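Here we start with a single chain on its own, the form predicted alone, put down as structure tokens.
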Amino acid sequence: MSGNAQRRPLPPERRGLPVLGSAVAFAREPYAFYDDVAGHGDVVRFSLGPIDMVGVLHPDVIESVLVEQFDRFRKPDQNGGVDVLSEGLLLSDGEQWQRQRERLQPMFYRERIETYAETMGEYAAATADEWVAEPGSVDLLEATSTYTLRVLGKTLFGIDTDEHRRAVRAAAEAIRERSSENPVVVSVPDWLPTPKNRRYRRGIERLEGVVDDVLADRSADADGDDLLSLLLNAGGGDAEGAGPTEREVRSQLVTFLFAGHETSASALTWALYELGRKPEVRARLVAEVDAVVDGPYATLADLPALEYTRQILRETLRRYPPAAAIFRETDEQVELGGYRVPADTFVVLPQFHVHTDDRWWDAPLEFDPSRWDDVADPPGDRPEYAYFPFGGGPRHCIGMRFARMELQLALATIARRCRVTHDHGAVGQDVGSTVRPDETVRVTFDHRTE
């Protein structure tokens, strides 16, 4: 950094309580907290308990972090105590992350992703029929998780996840609780039998059992062309990174089983929730689907014409981004938005705030897919990083294309086969490592009669 840059001021500070900092305010109401932070500027210092942070709220500065100065930031050293993810693509860093990304990227090329479309459509139709057959209402998040796990297991791992679904869901809940924990909570050793530690350990033990079963089934025959076979055939790990270590393979499996289904299930949950309370949105969606989809489920060939379906999903990912925020840590002193940010500073890029900033979005808290009318590529005439549900730069979500296609096919197929209704009004958001409803959303699925 130049001498002039070193003389730049530190960002303005949002002062909090002694010791606790801003942790209580954030935990009480995350949206209101970041609105208050924004009152201090676009690059603002604050603390969450013992952790000093800098919040970045302007799209141009977010782009600087994720793209222009990408190599001056690292993933934070802390992993929220979720050690089972530490060697996977989500939390690894540096040369290890680069090797992993290059190894896994071919599984997510467009040509490869498109081969999964048939499975996604078939599974969406079968799962929707199960929902209709269910007497009474269903837990929407559980229902969508069943679908996304089935798709993930079949397409990426070549396995049937139904027999392991409860174990994966229990582990996902445990991982989310641990990774979303308030930083002011006193750090308790994992071996102490607190209720949270017991829940986490039970969930992880069940998930490790699933991983054991999957690896045992596949170790004798790893000649498939799925992600798991790719990992197993890459060779043993060594100091030069010739192939993944056993710990990396296991961590990658856990990473994709957790993140790969949790985020998509959350997005599909929010989309179906909004269909159940927005009859005008549902009517326009059904009209499009009936005009485009001829068979029992949406197909790859249908996707270009399913424009309003795509708009609903864009709006879902804007209003309810599956990941609440992106975290980085400075490797060295950097300049952000005209301010000096010291080395080893935690930097947070909160999608859920930026996506509802009224500088970029009209009526930002309203769910309105029509805002995407005539927008070829998001975010339209707004700054590029006013909308970044899948991150950005070299570390953008590797499963972005997979998730978008899965969600579009699922939503169109569900709208083709059934109608979702519920009695919920405005449902709040539980902002943690993922953004999900803060209450159980129960809905009823019925065969369409119109």
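Keep in mind it's a predicted model, so treat the numbers as computed, not measured. Don't overthink the numbering: it's just position in the shown sequence, from 1.
Missing here is the form predicted in complex with ligand HEM; even so, the following discussion is about that form.
- Figure note: of the listed segments 292 to 300, 367 to 375, 248 to 256, 132 to 140, the one touching ligand HEM in the predicted bound form, with heavy atoms no more than 4.5 Å away, is 248 to 256.
- Checking Pro322, Pro244, Gly121, Gly203 against ligand HEM in the predicted bound form, a heavy atom within 4.5 Å turns up for just one residue: Pro322.
- Site annotation in the predicted bound form: the residue of Thr161, Gln311, Gln351, Ser145 reaching within 4.5 Å of ligand HEM with a heavy atom is Gln351.
- Cys418 falls outside the set of residues with a heavy atom inside 4.5 Å of ligand HEM in the predicted bound form.
- Ligand HEM is not drawn, but in the predicted bound form it has no heavy atom within 4.5 Å of Pro59.
- Using a 4.5 angstroms limit between non-hydrogen atoms, Arg150 is distant from ligand HEM in the predicted bound form.
- Although the partner is absent here, Gly55 lies well away from ligand HEM in the predicted bound form, with no heavy atom inside 4.5 Å.
- Shown without its partner, the chain has Pro389, Phe390, Gly391, Arg395, His396, Cys397, Ile398, Gly399, Phe402, Ala403 in segment 381 to 404 as residues with a non-hydrogen atom within 4.5 angstroms of ligand HEM in the predicted bound form.
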